[in-house]
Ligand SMILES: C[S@@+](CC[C@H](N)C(=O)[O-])C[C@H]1O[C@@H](n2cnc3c(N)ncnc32)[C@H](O)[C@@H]1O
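Next up is one chain by itself, shown in structure tokens, the form predicted on its own.
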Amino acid sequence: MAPGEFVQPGNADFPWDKFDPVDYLDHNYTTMRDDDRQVLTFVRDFFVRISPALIDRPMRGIDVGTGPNLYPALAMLPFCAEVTLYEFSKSNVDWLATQHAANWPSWTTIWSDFWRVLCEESLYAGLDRADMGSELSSRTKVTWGNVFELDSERDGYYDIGTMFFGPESLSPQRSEFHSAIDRLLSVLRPEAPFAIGLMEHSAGYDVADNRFPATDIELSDVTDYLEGRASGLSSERVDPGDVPIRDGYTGMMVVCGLVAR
């Protein structure tokens, strides 16, 4: 490296353990936005469409980089005996563990609205219970882990997986964006369904007093990279509307598919 040459920071250079889950939750999910509704509906409809291949046995699911966002895990819930909430930030892990132990007190105030969207389809409505917080706790487990260290030999294979607003929101380096997607696919069985949610052209984001990175991507960057790695791809771009959730992005994107054989 030449003297004075700029070295782009990577994932390890950011203060993930200082990520504030309450601030992030309050800013992003206290009121359901229409763009999140569209993304959640797209994922729901994809899972329902392929459900004949999913409901012959209880499955093992994984949501990578859960943070304080439960709606990807909720989208997998009817198909899974167990969903692993896989998270790196210790502050997020602590928040998830506290919520899990208390049967998700945030269910009533936040996640029940997202669940109602899912329950517009009968596969989800059939799971609806009087105490969905307890049901969620019984079907989930919280696991600390680094996405770049996901390993099927150690972690086993999963039958279904999600990763939302994570692969493009953990590093400015495109190689680490690719690596995060690769590691998710590596722990899913061949032909396992997956859903990946992303921010379009994100310039990074603030949570409380800390700045976190992003990889500047558009939908073709994701679908092109998944060619040969997945089949049956379906995708959608969602406009942020008149009131974007924050500065420095141009929309949300979601890509669903099946891991290649």
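These numbers come from a predicted model, not from an experiment. So that there is no doubt, residue numbering starts at 1 and follows the sequence shown.
Form predicted in complex with this ligand: not shown, discussed below.
Pick from Ala73, Val147, Ile181, Leu136: which residue has any heavy atom within 4.5 angstroms of this ligand in the predicted bound form? In short, Val147.
* Using a 4.5 Å cut on heavy atoms, which of Ile110, Leu118, Leu85, Leu170 is close to this ligand in the predicted bound form? -> Exactly one listed residue reaches within 4.5 Å, namely Leu170.
Touches this ligand in the predicted bound form: Asn11 (any heavy atom, 4.5 Å): Result yes; Asn11 sits at the interface with this ligand in the predicted bound form.
With a 4.5 Å heavy atom cut-off, would you call Asn92 a contact of this ligand in the predicted bound form?
Judged by the heavy-atom cut-off of 4.5 Å, Asn92 is in contact with this ligand in the predicted bound form.
Quick one: does Asn69 come within 4.5 Å of this ligand in the predicted bound form, counting heavy atoms only? Contact check for Asn69: yes, within 4.5 Å of this ligand in the predicted bound form.
Notebook entry, point to check: Is Phe165 close enough to this ligand in the predicted bound form to count, meaning some heavy atom within 4.5 Å?
Noted result: Output for Phe165 is yes: heavy atoms within 4.5 Å of this ligand.
- Query: Is it true that Phe19, Tyr29 and Tyr205 each have at least one non-hydrogen atom within 4.5 Å of this ligand in the predicted bound form?
  - Reply: Contact check passed for all of Phe19, Tyr29 and Tyr205.
One stretch from 121-129, 157-165, 101-109, 182-190 that, in the predicted bound form, holds residues within 4.5 Å of this ligand by heavy atom: That would be stretch 157-165.
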